[in-house]
Every structure is written in structure tokens, then in C-alpha cells.
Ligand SMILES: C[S@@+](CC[C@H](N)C(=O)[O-])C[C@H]1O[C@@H](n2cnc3c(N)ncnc32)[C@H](O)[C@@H]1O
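Take a look at this single chain in C-alpha cells; it is the form predicted alone.
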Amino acid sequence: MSFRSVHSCIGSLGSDLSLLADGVLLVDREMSKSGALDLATGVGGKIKKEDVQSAVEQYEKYHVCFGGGEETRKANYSDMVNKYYDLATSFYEFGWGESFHFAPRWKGESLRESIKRHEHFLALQLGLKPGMKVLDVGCGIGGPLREIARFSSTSITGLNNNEYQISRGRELNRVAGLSESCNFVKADFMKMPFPDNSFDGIYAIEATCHAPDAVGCYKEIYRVLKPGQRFAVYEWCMTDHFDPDNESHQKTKAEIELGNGLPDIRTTKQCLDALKLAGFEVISEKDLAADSPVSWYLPLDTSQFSITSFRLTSFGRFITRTMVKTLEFVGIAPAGSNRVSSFLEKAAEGLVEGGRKEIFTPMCFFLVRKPLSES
């Protein structure tokens, strides 16, 4: 087959997965980028295409599976997390949509509906009202930011240290007509470029798990939040069922860290203690995964089939994997793209295993307040 034939075949297959198996399966277009070419050309983010493979190798070496250690990951967290999101963002957007997070889910509810409801819940818990100035800590490409801004009529700033994600977020804000009310700031959430007492509300959705030091991260959030106002967070945590001496548990934890750019995964108690040490008053805490009628990891479970989340199913992943391999072979996708796809699939396996064993949760919810007066 000629290069032109491969390009044409893969382009048409990737750009229109809404017609597959004689049009039986309909993919939810709202949830993902339109095609495999968008995915393939986005791999690497701001990394030069010829440097993608070496970036993958450097990223992998941070992790236990490749001989890395926790202290090395913490010491180099900024480089590690930036490499991760440069490499993985296009895969996230292609398969998951604009909001890179899980959600508790009702029976009969689509993944997209549950994600929106999960975001609305945060807005309600923060008591957001029109005119408030809000901060999204670790905002990704801004899916939650845009949804919460529309839902609450607030002005939201997204904080992100990854240039590629910010460029994608600004473009999506423009398309959504939200450039005036929503903006992005490129900065490390361990060193925020905002004055004290700047925001009326702050939230973080599965983002502060990337922090090398939870107390330090929460202290920065505390500093820029106005007195009397709330911070709401969904944290990735190891649950009370996690046994650090269990080799299988440790393997699952390492796979999640590798596939998600994490220096470490803290326990629920460690996160709660860190919030208190940062100075917050705890209003409520709950693992929202515990009461979810539909398992949060269901979209990643290859034994299940979903029409609206087709790209996440076993067959959908097979098609994506095949397209990425082909596009890398003919030189459209950068060398190393398939390795990114592989460690993301390994991450999915770890997440499903962590969910089944109940040793991991991506949605430990904490709602805290900054006291009106500091003692």
C-alpha cells in the first residue's frame, strides 16, 4: 500500500469513527477530538517531534517500572509532569473529551452527563455566585473551567504549568465564546503568581495529586484564597484497603503513577492531615467512589462495551492503537507515539485493578474553608 493510500485510509477511519461496522455504532463527538490525525499530530505537545521518543524514554525512567524512585520523581516533578502532559494530552482529549477526570455515575447516565454533574457539584459546594473570581488549580485544557463558568456565571482563571494544554484551552475558550470570562495563567501551583487573598473560591479536580508536597501545595491555595471562602478538591488517594506491604498493591500503585505522571499517591489520611496543616477548617470529606451506583472505572474496563464511550472500549482501543502504529510507521505521528499509547493502556489497567481491589480512589472529596481570622 502506498503512503497516499495509508494516509487516506487512516485519515478517513480516524476522522469519522461515528460510522463503524456499517454505521451501527455512534461515537459521542462532543467527548473527543474528531480523528486519528488530530490525535497523532498532537502527540508531543510542545516537544519537538524529533525529540518525542527521547522524551518518552526520559519520562519512563522516572518510574518504578523502569528503575526510578519516588524521591527522584518529587525532585523533578515539574519536568516529569510537563513531559507527561505534552505526551498524553492528545490521547486524553481523543478518548475522554475536554474534562480529564472521573465521576460517580448513576445507572442510565452517560459518562459525559456524570462528568458535568460532578463539576456542577463542586460549584454548588463552593457556593459560587455570578461575579465571583474563581481559581481552577491544575486546569488541564479547561473542560471543567468552561462548564463551571457557564453553570455559575463566574469568572474563572485556570492555572496550569503546561504550555501545550494552555494553548489548547485558549482555543477551546475562543470556540466556546468564553475568552472574556475565562483565562489561563502558566505557573507552578507550588509557587502561584497571585497576591494573597485573591480568589472568592478555589477548586482542584484530580490535579493536586501531581504535587510533590501536599502541605506546600495546599498552603499556596490557602494563601491566595480570601478569608472565609472555600476550597473544594477531588483527590487521587490510596484508600484504607491499601496495604503497602502487599506486592500486588504496590504493583498496581506503580502502574497508576507511571501512566498518570504522579510522583506518589498519598493516602486519604495524608491528604486530610495536609489540609489541616495548611490551616484549613474541614467542612466535609467523603470518598464519592464508595457510593457510586456505577463503578467509576467502568469506562476503562475492557470487559465492558459502551456506544457513547466507544473509544475507551477494548475494540475502540484496538482501532486507536492500530491507527497510531500505522501513522507512526508512515511518519505522520512522531516516533514514540505508540509507546505513549502503551503506558497509558498500562495506566488504565492499573486504575481498573485499583478500583476493583478498592485500594484506590480518584474522587476523595474534601471541602474546606479558610478561617475568617488566622490564629
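Don't overthink the numbering: it's just position in the shown sequence, from 1. Note that this is a predicted model, so its numbers are computed, not measured.
Same protein, other form: the form predicted in complex with this ligand, not shown, and the subject of what follows.
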Should the pocket be classed as open or blocked once this ligand, positioned as in the predicted complex, is overlaid via C-alpha superposition of the site (3 or more ligand atoms within 2.4 Å of backbone or C-beta atoms defines blocked)?
-> open
Though this ligand is not shown, can you say which of Glu98, Glu255, Glu220, Asp200 has a heavy atom within 4.5 Å of it in the predicted complex?
-> Glu98
Just one of Asp188, Asp264, Asp287, Glu109 has a heavy atom within 4.5 angstroms of this ligand in the predicted complex, so which one?
-> Asp188
Okay, which stretch from 204 to 212, 237 to 245, 125 to 133, 270 to 278 lines this ligand in the predicted complex, with non-hydrogen atoms inside 4.5 Å?
-> 204 to 212
Tell me whether Gly169, Asn173 and Asn183, taken together, all sit within 4.5 Å of this ligand in the predicted complex, counting heavy atoms only.
-> no
Does Asn162 reach this ligand in the predicted complex, with heavy atoms at most 4.5 Å apart?
-> yes
Please check if Val233 has a heavy atom lying within 4.5 Å of any heavy atom of this ligand in the predicted complex.
-> no
Look up in the predicted complex whether Val81 has a non-hydrogen atom within 4.5 angstroms of this ligand, and give yes or no.
-> yes
Distance check, Cys139 to this ligand in the predicted complex, heavy atom within 4.5 Å | yes
Does anything in 72 to 87 come within 4.5 Å of this ligand in the predicted complex by heavy atoms, and if so which residues, in order?
-> Tyr77, Val81, Tyr85
